[in-house]
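Single chain ahead, by itself, as structure tokens, in the form predicted on its own.
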Amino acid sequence: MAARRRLKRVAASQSGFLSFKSPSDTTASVGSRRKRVNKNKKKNWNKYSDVNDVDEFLEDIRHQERTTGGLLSEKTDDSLFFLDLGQPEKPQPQAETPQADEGKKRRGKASRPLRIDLILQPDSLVPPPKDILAYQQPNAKKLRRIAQKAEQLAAKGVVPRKQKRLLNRRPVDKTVKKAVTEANNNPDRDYYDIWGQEPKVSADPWYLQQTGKKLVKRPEKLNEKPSVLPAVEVIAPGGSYNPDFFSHQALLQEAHQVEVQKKKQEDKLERQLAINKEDKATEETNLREQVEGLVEEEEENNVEESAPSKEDEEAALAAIAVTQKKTEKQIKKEKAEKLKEQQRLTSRRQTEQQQQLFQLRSIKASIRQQEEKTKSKQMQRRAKQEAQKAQPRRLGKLKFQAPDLDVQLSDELAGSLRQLKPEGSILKDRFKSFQKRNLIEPRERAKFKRKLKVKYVEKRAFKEIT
């Protein structure tokens, strides 16, 4: 059947084919065929749907909104109808002066709007749409949340930080006049001390911070001195040009102790570097070294042969022990011994805990002794730290070496200042003082090494003489 219909359709589409039906019938069949459309597809909705009634309804609504500002069904009767009471009676015209008549005409002309203004007035009562961008605020949600939080804090009585800063700011005193700088050539001006203390800044700290004129706060650690030693150490009374006998002898004893300590360190170094006489090579030791390893080889071989036999025996015994299985009686006995051991340990632990109750006094005494020991250790540690403050620290790769004491022997003492010989150097003394007070690191003189050799040239004038 489907093939027969397809053949009829193809024949009808060909030119020169005459159908039995009239042309009106053919148009009707074609129209009816077009109406059979699948409405489930979206592309056929607008194409084959009649929406004229909907368009007319929407157009009517738009017309009502333009003319009346809304739907007529929603309007009240008073806004749509009025009561016609006829024309009101006009009062009789009174005789007016020509000047008043002219003024009235002028006022009437002025109150009447121009036609151009009437044309430009909007004829629609529909309100213009709102510009959403004009009502939007950047970060509106965040600002709203901040405002809500500020309201909550204000309800609790908490003042925000920004308001605190504003309250703490000092009010500017406008009555105070600015200080006028005096001329440098004024002899009556105040004396300015360079080394005096800096004047206190009386300006507002907020203003100084915002303008960048606020000075950086000096760290407290920079005010601490690196050493507690004085800048100039006073020498002992024995170092005077005319010292007391006992004070001079005490200074000599101190210098003697320093030299003795140096001598001990030198002797210790010599002992460490000295060669032991027993370690020196002799003919006998040389011969023993040459023969070593030749005679004792046979004895070592015999010992090695006997040793493996013992090891083999031990391994065989261990293998026999492993192969023998434990009996059920032995297994039960081991379990019972383990249980007994656990019970013994638990009972012992309980007895120890009970005994500790009776040892509270001794425990308290031991705790007290321990606290006293810790306190004494803390005091020693503090004393050691205080003593280390007076000692030079290790600031570089070199270690500080104390300078030699300037001491004169008894026969070198002078009776007066005229006969006194100058000793030492002020520059070296200050340099060592800086090192001792941890202001600079210990240094030594740089060794100058010439890279290029000195070239000797004989001048022409010298050649003529020779």
Partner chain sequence: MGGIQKKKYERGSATNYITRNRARKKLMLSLPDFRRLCILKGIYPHEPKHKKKVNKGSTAPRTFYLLKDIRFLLHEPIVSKFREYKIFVRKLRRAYGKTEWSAVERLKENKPAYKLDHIVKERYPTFIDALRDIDDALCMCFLFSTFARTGKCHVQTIQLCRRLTVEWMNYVIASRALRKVFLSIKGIYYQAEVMGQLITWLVPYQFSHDHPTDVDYRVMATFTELYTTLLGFVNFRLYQSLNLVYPPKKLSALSSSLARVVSSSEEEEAKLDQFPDEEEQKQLETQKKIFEGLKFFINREVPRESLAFVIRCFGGQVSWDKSVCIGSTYDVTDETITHQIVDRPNVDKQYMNRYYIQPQWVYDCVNTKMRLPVEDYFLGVTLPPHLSPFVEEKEGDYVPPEKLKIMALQRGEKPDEEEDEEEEEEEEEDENEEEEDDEEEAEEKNLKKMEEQRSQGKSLQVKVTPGKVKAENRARLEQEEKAEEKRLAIMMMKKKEKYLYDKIMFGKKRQVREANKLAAKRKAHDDAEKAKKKKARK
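Numbering follows the first chain given and starts at 1. These numbers come from a predicted model, not from an experiment.
Below: the form predicted together with its partner chain, not depicted.
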Revision key, fill the gap. Note: exactly one of 271, 280, 115, 218 sits with a heavy atom within 4.5 Å of its partner chain in the model of the complex, namely 218
Review point. Considering its partner chain in the model of the complex, which of 138, 196, 128, 86 comes within 4.5 Å of it through any heavy atom?
Key: 196
Exercise for review: Among 272 to 280, 390 to 398, 359 to 367, 156 to 164, mark the stretch whose residues have heavy atoms within 4.5 Å of its partner chain in the model of the complex.
Suggested key: 390 to 398
Exercise for review: State yes only if every one of 55, 67 and 82 has a non-hydrogen atom within 4.5 Å of its partner chain in the model of the complex; otherwise state no.
Suggested key: no
Check your understanding: Is residue 455 close to its partner chain in the model of the complex, meaning a heavy atom pair under 4.5 Å apart or at it?
Key -> no
Exercise for review: State yes or no: in the model of the complex, is some non-hydrogen atom of residue 430 no more than 4.5 angstroms from a non-hydrogen atom of its partner chain?
Suggested key: yes
Review point. Looking in the model of the complex, any heavy atom of residue 205 within 4.5 Å of its partner chain?
Key: no
Check your understanding: Contact between residue 437 and its partner chain in the model of the complex at 4.5 Å, heavy atoms?
Key -> yes
Practice item. Any residue of 416 to 454 with a heavy atom within 4.5 Å of its partner chain in the model of the complex counts; write them all down in order. Key: 416, 417, 418, 420, 422, 423, 425, 426, 427, 428, 429, 430, 431, 434, 437, 438, 439, 440, 441, 443, 445
